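So this first bit is one chain, no partners, the form predicted on its own, shown in structure tokens.
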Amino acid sequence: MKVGFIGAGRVGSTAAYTLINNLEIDEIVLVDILGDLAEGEALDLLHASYALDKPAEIRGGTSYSLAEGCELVVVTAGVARKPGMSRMDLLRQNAEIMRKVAEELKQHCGGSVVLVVTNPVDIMTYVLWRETGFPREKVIGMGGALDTSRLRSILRRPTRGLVLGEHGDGMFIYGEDRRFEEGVRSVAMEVIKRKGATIFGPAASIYRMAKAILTDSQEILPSSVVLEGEYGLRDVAIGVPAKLGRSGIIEIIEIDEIREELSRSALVLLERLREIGY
């Protein structure tokens, strides 16, 4: 299996390490505008793979040609949130970055499944899908998987509850006590205030989704997907339960009880998409 990371910063490199540790990965590539960073992280990860007795071919650099032949490409490139910023504050800067990433992916990664992590993730997922022209089942956003793990950490127990909708103020809980919604919405900023960024939670959630895709487990996970009629919504990416496998999105799960809430959450995303020309 070959996995590419577009963005060799803390989230991308930590996620790459997590994949090496937990999956049988043959090759990992890291692509970043900072070539020394990508090469340095790749060399460090190479040493780690041998220390773990899980040797892999690991390379880094600035050229997207490194990512050719990847089964999965994880996009973490972009400006990160700072204390006091909402995910939407990153909209215009990261949309421009995503357009540039999309242009390169079109040239080099036409057969790959793409997992988008860059915030605001629902909008970035939509932008990448539109700009690449890839089939929608091949472009997936990570948001709800991370939010659901945060819900579980607040509950301190297993739950069948899912966090769905926008990865932001429009997120909502399905299947669990909704009194915890505000805690789920605000907890990421508590991490950012203390250490500057969220790293391990996103990296572990990338692993969780990557595992479902690369092993073709067809696990149902909250994922940001482009809707084309499901839930009565079109031309928007938003967090819904989705079955994931080797080809990307296998099935979008529709739940009647969340239609109204999901539509309200989608309104904000549709407005923001219009702001940036979609």
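These figures come from a predicted structure and were not determined experimentally. Start at 1 and count along the sequence shown; that's the residue number.
Keep in mind the form predicted in complex with a small molecule is missing from the figure; the text below concerns it.
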Hey, in the predicted bound form, is residue 78 touching the small molecule, heavy atoms inside 4.5 Å? yes
Taking heavy atoms only, is residue 3 within 4.5 angstroms of the small molecule in the predicted bound form? no
Does the small molecule come within 4.5 Å of any heavy atom of residue 52 in the predicted bound form? no
Heavy atom to heavy atom, is residue 11 within 4.5 Å of the small molecule in the predicted bound form? yes
The unique member of 95, 113, 101, 163 whose heavy atoms fall within 4.5 Å of the small molecule in the predicted bound form: 101
The small molecule isn't shown here, but in the predicted bound form which of 119, 205, 132, 148 has a heavy atom within 4.5 Å of it? 119
TL;DR on 52-60, 217-225, 247-255, 25-33: the one with heavy atoms within 4.5 Å of the small molecule in the predicted bound form is 25-33
